[in-house]
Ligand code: ATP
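Here's a solo chain for you in structure tokens, the form predicted alone.
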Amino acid sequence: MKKIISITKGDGVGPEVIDEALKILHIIEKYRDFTFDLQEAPAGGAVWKETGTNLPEKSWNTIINSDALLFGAIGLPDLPQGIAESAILKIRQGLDLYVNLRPIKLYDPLRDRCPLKEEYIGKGIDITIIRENTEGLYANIGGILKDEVAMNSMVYTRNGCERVIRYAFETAKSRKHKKITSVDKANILKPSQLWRKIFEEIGKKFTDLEQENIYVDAFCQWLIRAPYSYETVVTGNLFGDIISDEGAFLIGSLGMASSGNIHPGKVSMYEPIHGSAPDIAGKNVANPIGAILSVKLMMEESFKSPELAHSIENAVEDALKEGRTVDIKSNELPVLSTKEMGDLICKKMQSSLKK
């Protein structure tokens, strides 16, 4: 089975973590019936410096003609704010990637890295956060007038709400979750009121799922107090960005968190949620697991191979029992470099697929 994957390594630590994720693809090619045609699609700050655009037309054409996009972090400290990062919004909008899938899972070997007391961790943290990805404030409708007035409009459409909420219900059902939670601010915001109405309408077709609505400020509190009580969470663009980053802190490090920017059945983008971290770029200390788990999501969502996705996740968890990168270090285990962590996961993955 041949798949074309566009590769955007990006800036800062982006190339370092993506190189480790690519090793996983090579292992899969070796042991399973997949062939990956990897095509470079440069984007970000370094590209902007060279070409004057953060997403060259050649890169865009490569992306739209691929089966999936593996994307590193972008952004450089010596560029104006948003110059590099807006490439991500261009891709999300251009491909209509209306689902942002952000798993928040605390692996057992990392329970010692969770900042919460054991009583708050409870049975564990395993939350599927589904964030609307193309509307809300991030649709970027607005502007700045004479450095005196700035405005962005929070725009929700019925179609935009319906499709991501329906995706969330279907995901909850497919993962055999018992509860789905909608996060909004319907006591104040009109867009949230429309969101809640649509959530409740669609919910009538999924009566086997426990359903709850919760305000975003209350959810941020309960995510700390009882994260074990959530399974599938669906929310709007801005709220989803904030709560998924909060959740990532609970699982050890932002370096552990993966994401998928998805349009089911079409070209989708997979990326770790951390930034370009220019202060540690080139030092071989970045955590590659978020990028590797993004490949796991790609195999699961775009390439419909749950077996391989499961193998990647198991390899990560097994590797964490033997070594850690510095952001998730343990006094009892060796501190590994970016490449060493990637190699250890590949070793575990290879051992699994040989069986």
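All residue numbers are counted from 1 along the displayed sequence. A quick note: this is a predicted structure, and the numbers were derived from the prediction, not measured.
This next part talks about the form predicted in complex with the ligand, which is not shown.
- Stretch-level contact analysis of 279-287, 127-135, 199-207, 142-150 against the ligand in the model of the complex, using heavy atoms and a 4.5 Å limit, identifies 279-287.
- At least one heavy atom of residue 275 is located within 4.5 Å of the ligand in the model of the complex.
- With a 4.5 Å cutoff on heavy atoms, residue 255 counts as touching the ligand in the model of the complex.
- Shown alone here, residue 74 lies within 4.5 Å of the ligand in the model of the complex, counting heavy atoms only.
- Contact check for residue 327: a heavy atom falls within 4.5 Å of the ligand in the model of the complex.
- Taking the ligand as positioned in the model of the complex, none of the residues of 34-52 brings a heavy atom within 4.5 Å of it.
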